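Have a look below at one chain only, the form predicted on its own, in structure tokens format.
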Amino acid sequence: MNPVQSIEDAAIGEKREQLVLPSGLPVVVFPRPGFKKTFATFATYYGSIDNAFRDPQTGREITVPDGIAHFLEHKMFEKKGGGDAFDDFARLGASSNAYTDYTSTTFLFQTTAQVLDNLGILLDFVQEPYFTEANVEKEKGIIEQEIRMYLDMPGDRLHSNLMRALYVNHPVRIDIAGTVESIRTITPDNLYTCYRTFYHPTNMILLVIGDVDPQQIFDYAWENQKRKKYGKQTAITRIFPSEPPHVAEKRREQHMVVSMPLFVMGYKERGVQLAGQDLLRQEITYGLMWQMLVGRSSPLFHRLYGQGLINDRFYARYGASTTFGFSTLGGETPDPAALEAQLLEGLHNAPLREDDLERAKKREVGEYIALFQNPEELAYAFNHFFFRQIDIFDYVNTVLSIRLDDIERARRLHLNESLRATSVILPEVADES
């Protein structure tokens, strides 16, 4: 077995233990003495945007149906011979779940007892796929219902419409679950191809957070992986279409059953293809910029709130991976046009001050420290960073290194009119007939 690494963030007194198993699987443990619950995730660097890639075994270029990563997540719980992993966890008193986002798929459990037994269930069901024509056809009906449910959710449509407005070709514009039409074309062969490519241990990470003995976790995972005899796999080549430096549409509107209009404005990031420290710095810089411009303590937020154009649920955030990035800001508003006009004026003209930046930095560091008291949020953040070659323990030093001219440059480059689009959900018009 490879040596165990003990890594510490001296700035906040947190540490983790980690190693890479002979199968290629990284295992990370955050010991949390005194925590009653243990939280574990088994995640793969495979999300909804990974619809075109080269087969690691043959080198052949493959394109699969939209929504297949999410479909595969659903199917992983079903066991050969009947039953599913949810029942196995429940029998041990654990709760389990899974989710798929743009870039990853995560399986998880939380428990107060029998951690190793639950860990075995997690590792085994994710590494023992079982797809047949019959069970795939059955799942299509279930996911069709889920997709139709999303189509009736105003908040989901608000974001989906914005992605289609911002992006011309990149698959981030496609709903994570795909469409009813795309999932109907999924076959067991499609699923096995994607599984074989993206569920290899070298493309995954096992993370455990709780009052556990790290060495015990490592030994158990090593024994589990040893009997599965994974071979080597070449690096995965993901294929993405070229994305032009402009948005697909400036505005998308849809009428739905809402009591008040929903508004979101987005900016597409032009500076992609970043990873590691560069990507972390960009993400933090944009986050600080949004706090300073429209955070709760900003003059612009108070002005818009005082005019009744926004409420407490107004948000502004930036998210990115190695091939895309975008900012979104919005919420409920009685007058989308007035809100949009005032945002455009305020975002470009609001002064950026050194004292506001220092306050934003302190808040950012405070939220980072609080992360370590919430296992679910810590797991999500750690995995999110890990798959983008970012060490979460670099966070505080990166925050503290951001200067005011970094914020000013971010505003100048990111808030570009050619990269902006708007999505609005309006109340349905009453039928006067």
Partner chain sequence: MSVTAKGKGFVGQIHEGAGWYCFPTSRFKTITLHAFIINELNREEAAFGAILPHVLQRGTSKWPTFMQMEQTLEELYGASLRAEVGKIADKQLISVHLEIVNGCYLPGKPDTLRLGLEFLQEVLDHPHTRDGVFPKDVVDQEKDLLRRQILGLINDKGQYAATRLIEAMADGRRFGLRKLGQVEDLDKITPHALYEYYQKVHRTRPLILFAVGDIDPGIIEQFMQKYRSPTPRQELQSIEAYTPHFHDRFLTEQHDVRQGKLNLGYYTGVTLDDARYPAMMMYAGILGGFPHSKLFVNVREKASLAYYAYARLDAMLGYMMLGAGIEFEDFEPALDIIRQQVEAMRQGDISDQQWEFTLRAFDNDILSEEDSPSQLIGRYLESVMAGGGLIGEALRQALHDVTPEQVKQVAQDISLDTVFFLTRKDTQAKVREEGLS
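Nothing here was measured: the structure is a model prediction, and the numbers come from that model. Numbering follows the first chain given and starts at 1.
This protein has a second form, the form predicted in complex with its partner chain, left out of what is shown; the following refers to that one.
I need to confirm a contact call. Of Ala94, Leu119, Leu162, Met204, which residue comes within 4.5 Å of its partner chain in the predicted complex, counting heavy atoms only? Of the listed residues, the single hit is Ala94.
Considering Leu344, Ala275, Ala338, Ala90, which brings a non-hydrogen atom within 4.5 Å of its partner chain in the predicted complex? Checked against the cut-off, the match is Ala90.
So in the predicted complex, does Gly141 come within 4.5 Å of its partner chain, heavy atom to heavy atom? Result yes; Gly141 sits at the interface with its partner chain in the predicted complex.
Report whether the minimum heavy atom distance between Ala360 and its partner chain in the predicted complex is within 4.5 Å. So Ala360 counts as contacting its partner chain.
Touches its partner chain in the predicted complex: Asn311 (any heavy atom, 4.5 Å): Taking the distances in the predicted complex, the answer for Asn311 is yes, it comes within 4.5 Å of its partner chain.
Is there any non-hydrogen atom of Gln110 lying within 4.5 Å of its partner chain in the predicted complex? Gln110: yes, in contact with its partner chain in the predicted complex.
Triple contact flag Lys79, Glu283 and Tyr315 to its partner chain in the predicted complex, non-hydrogen atom at 4.5 angstroms: No: none of Lys79, Glu283 and Tyr315 comes within 4.5 Å of its partner chain in the predicted complex.
Which among 344-352, 163-171, 219-227, 292-300 is in contact with its partner chain in the predicted complex, heavy atoms within 4.5 angstroms? Heavy-atom contact with the partner occurs in 292-300.
Of 11-44, which residues get within 4.5 Å of its partner chain in the predicted complex if you count heavy atoms? Counting only heavy atoms within 4.5 Å of its partner chain in the predicted complex, the contacting residues of 11-44 are Ala11, Ile12, Gly13, Glu14, Pro33, Gly34, Phe35, Lys36, Lys37.
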